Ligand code: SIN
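What follows is one chain in structure tokens, specifically the form predicted alone.
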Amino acid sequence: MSLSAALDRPAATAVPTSPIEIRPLTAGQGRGRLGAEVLGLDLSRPLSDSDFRRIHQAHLDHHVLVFRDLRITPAQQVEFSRRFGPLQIHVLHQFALAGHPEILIVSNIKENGQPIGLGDAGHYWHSDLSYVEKPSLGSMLHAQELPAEGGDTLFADQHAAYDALPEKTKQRIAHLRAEHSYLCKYEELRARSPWRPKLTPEQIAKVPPHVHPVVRTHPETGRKALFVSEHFTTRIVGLPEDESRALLDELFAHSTRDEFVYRHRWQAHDMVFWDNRSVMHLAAGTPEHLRRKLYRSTIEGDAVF
């Protein structure tokens, strides 16, 4: 079901949830429009259409929503995520939460000598699932167990990054397309990480590369954003290899400048919902001796043209 259809369908009940407050993050936490806190959301009760519309609009306005003190079950996370669209199942199915294949466990914890989740997720700047035909609309990441230090997540506003490009660069990249591949950094990460499993032939077959515009137009707001990342973008189609690499390196460096970035310092029971059409993200890293576990659900977006 499309997001527009989800917005138009009748609510399961007319009973409102508890009062919801949406607060843009302060200048000390984020810059410009990037990031807002959502307080008072109670997903143990049905979410009314009016509250859903407020959350949806805040997501479009601020790109990153931080739901504070959200005490929910995995089933409630899946149900809330589905209000925005169909959910995507990660190719690393071995790290899916038992009983909830829509949830990817992001964790550095080992049990019986084996990792319970993907421990190095977000090592490079990226937009989730940019390598599939219909890249992700957004991701929800719910904190289950947090380290005493480290574990921050950084978000970079790709609308602001595009707007700040020189006009000459905007003209140069206006009609360029780039290839995205899940395998781009996979073996490099496997070589340094105890968490990454070897992909089976069946898993590799599920993630063929896809080509998308370098400049993406947001399907709901019409705003332009850069849509390339160091993690998944392999080349710019039609350019010589050296020219492609030079341009990508230039765009990668520009897109994550400090003025575009919000650093999220996790608090207990936070759930962060970001727009993969508007931002990239990066895991700042967790000390190996400290435990970290989060549950991620990912919402399917639209094909990019």
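Please read all numbers here as calculations on a predicted model, not as lab measurements. Don't overthink the numbering: it's just position in the shown sequence, from 1.
This protein has a second form, the form predicted together with the ligand, left out of what is shown; the following refers to that one.
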So, D157 and the ligand: in the model of the complex, are they within 4.5 Å at any heavy atom pair? no
Wondering, does G122 line up within 4.5 Å of the ligand in the model of the complex on heavy atoms? yes
Closest heavy atom of T233 to the ligand in the model of the complex, within 4.5 Å or not? no
Examine R216 and determine whether its closest non-hydrogen atom to the ligand in the model of the complex is within 4.5 angstroms. no
For the three residues H126, H281 and R296, which mark the spot I'm curious about, does each lie within 4.5 Å of the ligand in the model of the complex through at least one heavy atom? yes
Only one of 126-134, 108-116, 158-166, 180-188 gets a heavy atom within 4.5 Å of the ligand in the model of the complex; which is it? 126-134
Taking 4.5 Å between heavy atoms as the contact cutoff, choose which of A225, L141, V91, L146 touches the ligand in the model of the complex. L141
